[in-house]
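In the block that follows, a single chain appears as structure tokens, in the form predicted alone.
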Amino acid sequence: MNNCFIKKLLLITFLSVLILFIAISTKAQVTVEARIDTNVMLIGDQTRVWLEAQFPDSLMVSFPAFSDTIIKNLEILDISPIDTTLADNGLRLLQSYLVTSFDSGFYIIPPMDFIIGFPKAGRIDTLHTVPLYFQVWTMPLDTINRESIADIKKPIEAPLTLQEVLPFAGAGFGILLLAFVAYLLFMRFVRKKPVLVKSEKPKEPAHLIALRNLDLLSNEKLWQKGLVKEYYSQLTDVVRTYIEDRFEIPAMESTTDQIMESFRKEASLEKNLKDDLFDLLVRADFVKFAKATTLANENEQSLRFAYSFVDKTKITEVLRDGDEEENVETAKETSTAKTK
């Protein structure tokens, strides 16, 4: 009974020592380190704090995390990403913090904690770095003239260089050149050129323009050449333009129905004249948009009505040297008189 108990005790002791040895040996494979580039610096200077860890790739290591400061009065300016390289016994991780201090004094960075994870064993452990010590000095005093109080130094006056002056000189030269060119243009085209007042030519009466254009259309003989659509398009353009100038109706932008709606309010126009105008515009719309076919007598009748519509609706002028009123000769009658 005693021998069995002793054997069990020895077995338990052996296993405990083995487990402790394995843990110590595994832990010994992980090394963590914290160091600083310099232990003495002037106030406002910058230095780097380095964190390093080496461990087998079967383990996991978590670095200490800082945000704005490592310790009070030791401000972090920049944090580098963790650099990973291969080492003899696994991986090597390296990270640096760019730090500065604006308060003089002696500072101690306490040990930093690295969290070590053992995935196979299902546990974690913590390793600590050694503390870091450094001194922040102020600017040294002038020991020779210690009793005298020095004023703040004035800014150093640096001489102007050609590179600094050249842009301003170029801009000034460009402005002078533009002013000289503007002066030459003014002297040539504005000052010496006499100001001419162009008199506006009196606008020709609407019926004279319409009759002249109808004569041109008649001489072209479009429908006789088979160009019926072009014939009615030009014919209605002449009539619509005359309606705009004579009755102040926007006929060029209006449909046939809109034009006739405007003429319904025109009391001075006879009903049969309105009906004939409507027939002309509708016939032209069918030819232009529905490709309708017209007879020769219809084409001639359309032109004759256009002449008649202009002649019957033209405005009469009052002669300046008398009290009588007489109609202005149409363009066609004038040309006939000149021929005779």
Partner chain sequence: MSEIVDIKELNERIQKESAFVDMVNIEMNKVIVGQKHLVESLLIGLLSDGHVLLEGLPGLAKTLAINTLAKIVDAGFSRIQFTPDLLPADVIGTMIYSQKKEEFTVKKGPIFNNFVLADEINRAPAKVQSALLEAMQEKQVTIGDQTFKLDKPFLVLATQNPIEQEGTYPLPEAQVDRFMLKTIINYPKREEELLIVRENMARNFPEPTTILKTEDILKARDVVKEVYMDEKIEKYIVDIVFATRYPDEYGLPHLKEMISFGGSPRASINLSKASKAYAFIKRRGYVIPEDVRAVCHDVLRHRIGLTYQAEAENMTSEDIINEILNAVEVP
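Numbering follows the first chain given and starts at 1. All values derive from a computational prediction rather than experimental measurement.
Not pictured, yet referred to below: the form predicted in complex with the partner chain.
Student: Would R304 show up as a contact with the partner chain in the predicted complex if we use heavy atoms at 4.5 Å?
Tutor: Close contact is absent here: in the predicted complex, R304 is far from the partner chain, nothing within 4.5 Å, heavy atoms only.
Student: Going by a heavy atom distance of 4.5 Å, is F66 a contact of the partner chain in the predicted complex?
Tutor: Although the partner chain is absent here, F66 would stay clear of it in the predicted complex, with no heavy atoms inside 4.5 Å.
Student: Quick one: does W50 come within 4.5 Å of the partner chain in the predicted complex, counting heavy atoms only?
Tutor: So W50 does not count as contacting the partner chain.
Student: Considering non-hydrogen atoms and a 4.5 Å limit, does the partner chain approach R212 in the predicted complex?
Tutor: R212: no, not in contact with the partner chain in the predicted complex.
Student: What stretch, of 246 to 254, 105 to 113, 212 to 220, 262 to 270, brings heavy atoms to within 4.5 Å of the partner chain in the predicted complex?
Tutor: Selected stretch: 246 to 254.
Student: Out of T84, Q135, T161, Q258, which one falls within 4.5 Å of the partner chain in the predicted complex, going by heavy atoms?
Tutor: None of the other options qualify; the answer is Q258.
Student: Does any residue in 262 to 296 get within 4.5 Å of the partner chain in the predicted complex, counting heavy atoms only, and if so which ones?
Tutor: The stretch touches the partner through F286, K288, F289, A290, K291.
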